[in-house]
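Only one chain is given next, in structure tokens, and it is the form predicted alone.
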Amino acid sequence: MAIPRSQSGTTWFGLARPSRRHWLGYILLAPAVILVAVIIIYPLVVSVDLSFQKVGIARLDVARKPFTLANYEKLFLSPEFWKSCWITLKLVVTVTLLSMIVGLATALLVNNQFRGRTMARLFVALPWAVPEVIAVVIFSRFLDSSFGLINWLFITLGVTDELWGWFSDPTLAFWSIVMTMVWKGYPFISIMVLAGLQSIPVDFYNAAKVDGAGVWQRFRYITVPVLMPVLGVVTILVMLWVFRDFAIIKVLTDGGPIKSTQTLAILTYDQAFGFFNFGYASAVGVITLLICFIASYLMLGRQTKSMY
């Protein structure tokens, strides 16, 4: 007996028909899509629109300013912008490289069988659970020029006979940020790489041992090729995290001294909320977004080709 239309909810609007059942998925996804559009896409469109206006304090209840390219002209002619780009590039390359080395090393370590391995894995993952602001406070105490632990260790070990001003010297300030970011970011790499290591069959290593392969050969010809997809994705995520990170730099050095640690994220914040130049800050943000998009697209495309 045919089911009456009123007794079957799926027959409403003809969704029970095989040719229309896929619309049910679109209807169920619609609330999430609308929410994403309101939270992400709308502010992005507003930011792009502001970048083409001479706007001080942005207000949505006033008439739109005339279209202009002055913000982008000022941006590309600004030495401050290019310096921020160079600092951001140095920070991304340095932090990503060191984080990958430390993360891979710790993952290989805790992947072995030894007593206390569970606690070792817990301590490896612990920095990732610490909020960024708390991590910055910890390192600001460690690197304090007067009573910091790092200076005390260096003097005790004979590395130096004077106190280092970690936040007053441009080079030391840069490396203080690098150390904080590496400590905060390497656990994520360790967890992802450890998951990849757990998926490698033990038979691969046993067969390699039978064939006389050493530790380095097994790592080079088995571990690295299998982990390449994981390492590629993790590298992209870490680079994007370092590229956009704001809290660590803002709290630790605030872009100083003499703007030696001013990244694009700090430059955007200072222009928007320090000088109330929202049009120029939006232009910086748009360029930052384009750089992230292009870098991600190129790396993902290269990673996809290497997998095939």
Partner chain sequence: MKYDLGKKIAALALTGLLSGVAAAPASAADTLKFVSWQKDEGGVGEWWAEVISKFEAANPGTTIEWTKVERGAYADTMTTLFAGGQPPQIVHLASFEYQNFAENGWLENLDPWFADAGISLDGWAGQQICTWNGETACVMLLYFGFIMGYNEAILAAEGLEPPTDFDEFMNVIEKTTKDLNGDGINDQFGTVVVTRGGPGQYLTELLNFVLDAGARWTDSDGNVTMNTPEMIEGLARWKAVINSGFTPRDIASGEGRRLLADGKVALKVDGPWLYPIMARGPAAADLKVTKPPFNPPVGGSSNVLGMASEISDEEKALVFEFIKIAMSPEMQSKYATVANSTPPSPTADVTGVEEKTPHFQLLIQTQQAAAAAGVDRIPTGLEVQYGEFSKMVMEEVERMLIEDLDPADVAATMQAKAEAIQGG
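Since the model is a prediction, treat every value here as computed from it, not as a measurement. Positions refer to the first chain, counted from 1.
The discussion below concerns the form predicted in complex with the partner chain, not included here.
Shown alone here, Phe81 lies farther than 4.5 Å from the partner chain in the model of the complex, counting heavy atoms only. When the partner chain is considered in the model of the complex, Ile57 lines it closely, a heavy atom lying within 4.5 Å.
In the model of the complex, at least one heavy atom of Phe167 sits within 4.5 Å of the partner chain.
Remark: Ser140 counts among the residues lining the partner chain in the model of the complex, judged by a heavy atom distance of 4.5 Å or less.
In terms of contact with the partner chain in the model of the complex, the residue from Thr118, Asn206, Ser146, Asn112 that brings a heavy atom within 4.5 Å is Ser146. For the partner-free chain shown, Gln262, Tyr269, Asp270, Phe273, Gly274 of 260 to 274 come within 4.5 angstroms of the partner chain in the model of the complex, judged by any non-hydrogen atom.
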